[in-house]
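The data below hold one chain only, encoded as structure tokens and taken in the form predicted on its own.
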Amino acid sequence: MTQLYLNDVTYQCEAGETVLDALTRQGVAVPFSCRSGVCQSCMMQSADANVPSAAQHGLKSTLQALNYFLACSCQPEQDMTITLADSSERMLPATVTAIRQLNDEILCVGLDCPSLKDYRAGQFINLYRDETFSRSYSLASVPADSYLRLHVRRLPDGRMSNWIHDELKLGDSLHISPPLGSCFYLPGDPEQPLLLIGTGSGLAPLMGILRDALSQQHGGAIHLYHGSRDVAGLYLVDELRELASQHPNFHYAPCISSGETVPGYHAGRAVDVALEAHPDLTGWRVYLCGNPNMVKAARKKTYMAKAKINDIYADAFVASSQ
């Protein structure tokens, strides 16, 4: 057992327990979201130089040098004196400028954040309801847009998503983190074919990546497969079909995985429909977004179809159940 010293109070950390689990078990309010070392919302700083290297994976070298670490990934090897990361560095003020219902479960939220100067389409931000409660959402917008766009799916017991759907209003003020994640479009090979596969609100980062690629004159074929159980679970279908009609190199395939075949939609899981049409992905770049289990399976299947592992992009985003 190790000791954690936070704000002049001592907390016990059991063997094999993370700092985040130890503190929340003892009633300390710590912001967190993914619990998998991706969203970085649980970042803390140690006053001692005894931070396990695994707890700094994904952090900038400048932050590592200052002993910042991710509480969800940190199993202390020694006693630690810790503080929460400075909120002024991780929380940017934003204003709700647009709200649009995309289907029965998914809402598009527009945010104006003047202090956010740059981001890549497809990255994600942490949205804070208060200093200790945040959730991660991917950016569906591109930097040229006048505001940030998030696709928020209502979860049955989701404290954040239900608050956004039921209470958030135009003009409300909140805070977001700087953008995170490495799943975005790079313009280095404009003729490389792109394969985008997503389910549910996983369409959000793919919309950003697609629009960014088209705006940067990507000349190679771009194929988007968006899947859901039924037609009602899909959204932006008309907009994507219109986009495909305007760009000969963009091809859109909405997929439904259960029920009867519906004209205009592909029958089957998005990844299976995609790989049936493109069984050899040699030379392709692949983007995967959506349900973590789908992303894991699709990563393996696309790799088996000869996509290089370095050409498969997917943020290991794990949605919180609350």
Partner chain sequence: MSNDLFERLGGEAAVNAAVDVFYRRVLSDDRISDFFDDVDMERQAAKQKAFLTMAFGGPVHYSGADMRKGHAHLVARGLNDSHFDAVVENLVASLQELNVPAELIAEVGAVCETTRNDVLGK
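These numbers were taken from a predicted model, which means no experiment stands behind them. Numbering follows the first chain given and starts at 1.
What comes next is about the form predicted together with the partner chain, which is not displayed.
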Of the listed stretches (59-67, 28-36, 261-269, 291-299), which one has a non-hydrogen atom within 4.5 Å of the partner chain in the predicted bound form? 291-299
Any chance L20 has a heavy atom within 4.5 Å of the partner chain in the predicted bound form? no
Quick one: does C13 come within 4.5 Å of the partner chain in the predicted bound form, counting heavy atoms only? no
In the predicted bound form, does M304 come within 4.5 Å of the partner chain, counting heavy atoms only? yes
Even though the partner chain is not shown here, does I309 get within 4.5 Å of it in the predicted bound form, heavy atoms only? yes
Partner contacts in the predicted bound form for 206-231 (non-hydrogen atom within 4.5 angstroms of the partner chain): none
